[in-house]
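Just the one chain here, laid out as structure tokens, in the form predicted on its own.
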């Protein structure tokens, strides 16, 4: 089955590390933006009426920052226009400083059954330095509201002067708060973000220090019952993100809104990042695509390998043969010989060994 992604580009303020399409100064356009979003959904539904969808993910930006009526409206449009499975996974990203009981009640009534809280750090001073709009107390309050729900929490590794003790505090707060899933990301300062200058000045941990911290985090999460199933994702048994698993299995998905990407019928296409341009295109009866490419032949195989090798499950030999008509081990005999110490080839699968997942890029490149 396929997935649906909805991008909400509005937020109260932009975090220093944020490289996503998010715009604090554009919130006055929310009403018009969502009207265009609904119009785009209707147009795409006509194209893909025969596809069945199993997941919906509402991300941003900060979806929980806008009035809940917009989120409810988007979900209603999706349910009305698309063929959803009997029990779809519907996720919304939430900044802990923006969640209220009223919003949560509206989300749940609309069908949201998975939540993703952006904690990042349990240190209030660090949160302030990152320009986060919430405190640790806000996170604990939001987690209490979500008690008994299926929710994820984000944690960042590689922050200013971060120690194992700091990371352990963040991860222990997450584990103690009832989260069923943890997304632990290594900070990657992107050019053009405020934190990039700190990176250039040497104010952030180097790659080796980040790798050590990350390894510590992996072991700690394991001790708390979170199994790693992808490079940066850990879950209690049965609580893996179905939406993200679809990405890593090279599944199909439709993206709606500013900067949203899609993959359908071996075509990848992406919308403009400029809100005014997006609105103008949709109101004039056109899609807001700024890029589109057909994926064929070796590109399909490369994408499949790149995504599968990021996961704990790795490459299924039988699936590889079915998809590409060749046996995996024979196809990559020389690669497996050179990369053998990093790989686990057993049980009909090829996996990158857990201790090397953090540096998986250099290993994966050898298969391209």
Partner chain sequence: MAKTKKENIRNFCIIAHIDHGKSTLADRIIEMTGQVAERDMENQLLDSMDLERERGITIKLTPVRMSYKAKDGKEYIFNLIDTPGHVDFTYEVSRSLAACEGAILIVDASQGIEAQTLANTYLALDNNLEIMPVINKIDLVSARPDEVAKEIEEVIGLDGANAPRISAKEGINIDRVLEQIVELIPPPEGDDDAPLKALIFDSYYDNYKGVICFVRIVDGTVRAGVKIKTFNSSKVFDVVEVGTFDPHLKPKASLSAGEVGYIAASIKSIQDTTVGDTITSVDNPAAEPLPGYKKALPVVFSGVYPLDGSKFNDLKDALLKLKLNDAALTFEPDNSAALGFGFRCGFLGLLHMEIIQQRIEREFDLDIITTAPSVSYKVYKTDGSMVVVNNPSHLPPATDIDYMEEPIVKASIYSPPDFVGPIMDLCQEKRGVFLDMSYIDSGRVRLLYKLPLNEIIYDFFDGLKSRTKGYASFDYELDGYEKSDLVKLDMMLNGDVCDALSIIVHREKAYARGRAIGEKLKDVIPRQMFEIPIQACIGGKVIARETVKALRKDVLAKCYGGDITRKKKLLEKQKEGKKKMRRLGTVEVPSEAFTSILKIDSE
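No experiment lies behind these values; they were computed from the predicted model shown. Positions refer to the first chain, counted from 1.
Another form, the form predicted together with the partner chain, is not on view; read the next lines as being about it.
Novice: Considering the partner chain in the predicted complex, which of 82, 151, 220, 248 comes within 4.5 Å of it through any heavy atom?
Specialist: None of the others qualify; the residue that does is 248.
Novice: Heavy atom within 4.5 Å of the partner chain in the predicted complex: which of 264, 106, 274, 211 fits that? Just give me the one.
Specialist: Contact check passes for 211.
Novice: Mark residue 306 yes when one of its heavy atoms lies within 4.5 Å of a heavy atom of the partner chain in the predicted complex, and no otherwise.
Specialist: Looking in the predicted complex, residue contacts with the partner chain include residue 306, since a heavy atom lies within 4.5 Å.
Novice: Taking any heavy atom pair closer than or equal to 4.5 Å as contact, tell me whether residue 229 reaches the partner chain in the predicted complex.
Specialist: So residue 229 does not count as contacting the partner chain.
Novice: With the partner left out of view, is residue 350 within 4.5 angstroms of the partner chain in the predicted complex by any non-hydrogen atom?
Specialist: No, residue 350 is distant from the partner.
Novice: May I ask you to state whether residue 129 is within 4.5 Å of the partner chain in the predicted complex, using heavy atom distances?
Specialist: Contact with the partner chain, no.
Novice: At 4.5 Å by heavy atoms, is each residue in 34, 101 and 257 next to the partner chain in the predicted complex?
Specialist: No, none of 34, 101 and 257 comes within 4.5 Å of the partner chain in the predicted complex.
Novice: Just to confirm the contact call: exactly one of 74-82, 287-295, 173-181, 139-147 touches the partner chain in the predicted complex at a 4.5 Å heavy atom cutoff, so which is it?
Specialist: It is the stretch 287-295.
Novice: For the stretch 78-117, I need every residue with any heavy atom inside 4.5 Å of the partner chain in the predicted complex, listed N to C.
Specialist: The one in contact is 93.
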